[in-house]
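This document starts with one chain, in the form predicted alone, laid out as C-alpha cells.
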C-alpha cells in the first residue's frame, strides 16, 4: 500500500463535502462539485441565527460501563462524517470522559471555560482527527446545572452556536441511571442504547429502558448490540428486549444494528486509533458504516427540541 489506512480515511473525508442544510435527507444526495475551503477554526456563529438550525441531537448511553459505548460513539461519528454529515460530539461522561483518548486528541479547555471573559465557542471546541470535532464537557456540565441564571444564560448563548456547526450532535453520556445520565437522554430527541448479550448488560439495559419509558415525553430509543458472535444471537437479544419492553413498559424499541466481536477493535484501542480508521475493512468497521447509513437514511430523523431545547433542559433554564 502506498498510504496507510488512516490517510485513506482522511482522503475519504476530504472527498465528501459537508452538506449545507441541517439534518439528514430522506434520500442520499450527490456530493457537491466543490470542496469547502479549509479552515483551522469554524466560523463563530452570529447571535441572530444562533438558534435557527435544527441539528439532530442523539444521546448514546448504556446500562453499565465497559460495553464499548464511547468507542462506538467515536467510530460512528467518523463514519457519519465520511458520509458527508457535519458531526459534533459532546463528551458528557462525567466519570470516564475519554472521547479525546479514542480520537487521539487532547484539550486544555472545557465547557465551563466559556464563562471566562472573551472566551468564544471556537476556543473550547477541539478539532479532532478525521473531521470530527468535540466539546470536552467533563464535570463542567454537572457544575453548570448549579450556576445562577445569568451564567447559565451565557453558557446557553455561547453553546447555541454548535447547532450551526453540525448536522448531527452525538452526546456521549455516562453509564447507568444517575441523574445526569437521565437528564441527557431525556433532553435528546433520539437515544441509542448500547448493550452486549451478557445477562448483566441486558438487565442494566432494561433498567435504562424502564426509567426512560417512565419519564420520556416522546420516546425514541434504538438498540445497538455490541460484541456478538453471530447474527442469530443479535436477533435473539433484540427480540427479547423488544418484547419485554413492549409487554411490561409499553415502549416501542427499535434496533439500529449490531457489532461483531472483532480482534481489530481491541488492537485499535491499544493504538488509540478508531477501528474504522485502523482496520477499515474489518467486520466491525463494516457494521459501523451500515449503522451510519441507518442513522442517515433509516427512520425519519427526529428534531422535536433540537440543540437549543436540549441545552435548556440540561441547564434547567428557559427564556
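Residue numbers count along the first chain shown, from 1. In this text the structure is predicted, and so the values were computed from the model without any measurement.
Although it is not shown, the form predicted in complex with a small molecule is what the next lines describe.
Is it the case in the model of the complex that 71, 261 and 269 each bring at least one heavy atom within 4.5 Å of the small molecule?
Per the other structure, all of 71, 261 and 269 touch the small molecule.
Given that the small molecule is not shown alongside this chain, does residue 158 nevertheless sit within 4.5 Å of it in the model of the complex, heavy atom to heavy atom?
Flag for residue 158 set to no.
Does the 4.5 Å heavy atom contact test between residue 67 and the small molecule in the model of the complex come out positive?
Judged by the heavy-atom cut-off of 4.5 Å, residue 67 is in contact with the small molecule in the model of the complex.
Report yes if any heavy atom of residue 86 sits within 4.5 Å of a heavy atom of the small molecule in the model of the complex; otherwise report no.
Heavy-atom contact with the small molecule at 4.5 Å: absent for residue 86.
Give a yes/no on whether residue 226 approaches the small molecule to within 4.5 Å in the model of the complex, heavy atoms considered.
Heavy-atom contact with the small molecule at 4.5 Å: present for residue 226.
With the partner removed from view, which of 205-213, 226-234, 176-184, 125-133 is the stretch that lies within 4.5 Å of the small molecule in the model of the complex, judged by heavy atom distances?
Among the candidates, contact is made by 226-234.
Out of 292, 277, 265, 253, which one falls within 4.5 Å of the small molecule in the model of the complex, going by heavy atoms?
After the contact test, the surviving option is 265.
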